[in-house]
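Shown next as structure tokens: one chain only, the form predicted on its own.
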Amino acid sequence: MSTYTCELAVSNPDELVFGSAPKPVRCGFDMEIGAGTVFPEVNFTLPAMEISDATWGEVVGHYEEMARNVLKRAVSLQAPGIVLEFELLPPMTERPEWGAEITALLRRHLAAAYEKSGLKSALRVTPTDIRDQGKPPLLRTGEAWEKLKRSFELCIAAGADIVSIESVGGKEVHDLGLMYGDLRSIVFALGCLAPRDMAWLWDHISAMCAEAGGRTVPGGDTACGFANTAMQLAHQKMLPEVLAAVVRAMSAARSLVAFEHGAVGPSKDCAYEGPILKAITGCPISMEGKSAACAHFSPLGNIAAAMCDLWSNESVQNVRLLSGNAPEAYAELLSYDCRLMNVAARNGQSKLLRDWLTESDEWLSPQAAILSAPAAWEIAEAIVNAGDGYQRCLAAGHAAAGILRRAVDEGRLRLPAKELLWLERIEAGLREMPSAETGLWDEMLEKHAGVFEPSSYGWPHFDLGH
């Protein structure tokens, strides 16, 4: 277990830049991620269809087609390397053998492309966290956990080079916190529940990778179900943008736990908190932005690329476009973006391009304002100088709110009146939080009785102070 305290792996904000991480990761077919080159990470999925015994042959055919087309495009464009991400759909985790079959299929295509064309590559596999099926969710026991564990084991054996997950521990409380704008519940979910689940879960994931000989890299987690949910609700005007921004910063304290329990990167593409994690851990990160518009909209289209080591499209369905199938088209889009970043790096202009990517988004949204290199570094520093997961969460929230407040006061960030009122409410709410989580547990146990299962987070056998 690693503990990140006091010092950051990246010594100053100016060193946070795309393509370069202090701790590069080697994996797959001759890939080194974070060592100076940005690679495309293409994430693809099925068109709308049923997954069943009757349709399984068609499912396999789609993945054969997607892999063949994406790799053909990468070779044609002379990409320096590529990462494929296979996000298992729930039925593929429910039946672990299905996920393993597709993993092996994709691995075969990568091996063939490497042998024939010398295309460097790696395969990321992301089982679906199905542990939230019950109400309240049972995270550490039961059939769902056994299936998820088996899915990881079989996918690792089938050839996954990187494994990741979008874990759900604490989401049952966080969803209610977002619904009611309840900051105390949000902090409890991100600072108390989620870190405990992630510590337990990532100990298991890292052990599975080690037990399989260490060929598979434990990549990272993502606060997708937390911060990305907030981002999308803000996009729909159902939630204040300033709250989504603060949630994003606090979610970094949660996602850091994976790295303290064995993850080495690259982090998951939908973890927009990645720059903060990179500053703390020095591990490479995958990011998504404008090229993820096939999956969702965001106010982070350019700034998300400013510090990436892998550049992803989130997920695109295998549907026909005028040019070709969508995954093939997105492989081209990502490859051209990466070409530009890599040319800038070769010409000593990485920081200039990074700053242009940042400036184009930074002050148009509070969610972008907390993801510049200086902002990410400031939040990262606040996290490592805090104590436990709860105090880290609060420290990140205070740092993000402070960044937004300074930007408003200096006239760089213009917020509507309602957003300003919410910023004041968040600042006050953070000040009113207990200094230690012991002051929050009794309140939340009563408030959310029946919503979460305390034993899923180690209650009552853990020391609340640690």
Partner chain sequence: MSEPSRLYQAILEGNAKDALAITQQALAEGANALELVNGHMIPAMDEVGRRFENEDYFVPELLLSARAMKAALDLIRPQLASSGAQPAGRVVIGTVKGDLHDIGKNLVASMLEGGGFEVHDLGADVPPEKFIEAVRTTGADIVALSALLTVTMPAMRTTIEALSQAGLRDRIKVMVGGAPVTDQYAREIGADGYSENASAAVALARRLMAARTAA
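Here the structure is a predicted model, which is why all the values come from computation and not from measurement. Positions refer to the first chain, counted from 1.
Separately, the form predicted in complex with its partner chain exists; it is not shown, and the next lines address it.
In the predicted complex, Gln133 approaches its partner chain with a heavy atom inside 4.5 Å. Mapping the unseen interface onto this chain, Leu239 counts among the residues with a heavy atom inside 4.5 Å of its partner chain in the predicted complex. The shortest heavy atom separation between Asp53 and its partner chain in the predicted complex exceeds 4.5 Å. Remark: Glu437 does not count among the residues lining its partner chain in the predicted complex, judged by a heavy atom distance of 4.5 Å or less. With the partner left out here, its partner chain still marks one of 244-252, 214-222, 171-179, 371-379 in the predicted complex; by a 4.5 Å heavy atom cut-off that stretch is 171-179. Though its partner chain is absent from this view, in the predicted complex it lies within 4.5 Å of a heavy atom of just one residue from Gln317, Asn385, Ser206, Ser117, which is Gln317. Of the listed positions (Arg26, Arg431, Lys418, Arg412), a single one reaches within 4.5 angstroms of its partner chain by any non-hydrogen atom in the predicted complex, namely Lys418.
The candidate spot formed by Leu89, Trp422 and Arg425 is fully in contact with its partner chain in the predicted complex: every one of the three has a heavy atom within 4.5 Å. Contacts between 243-266 and its partner chain, taken as any heavy atom within 4.5 Å in the predicted complex, involve no residue at all.
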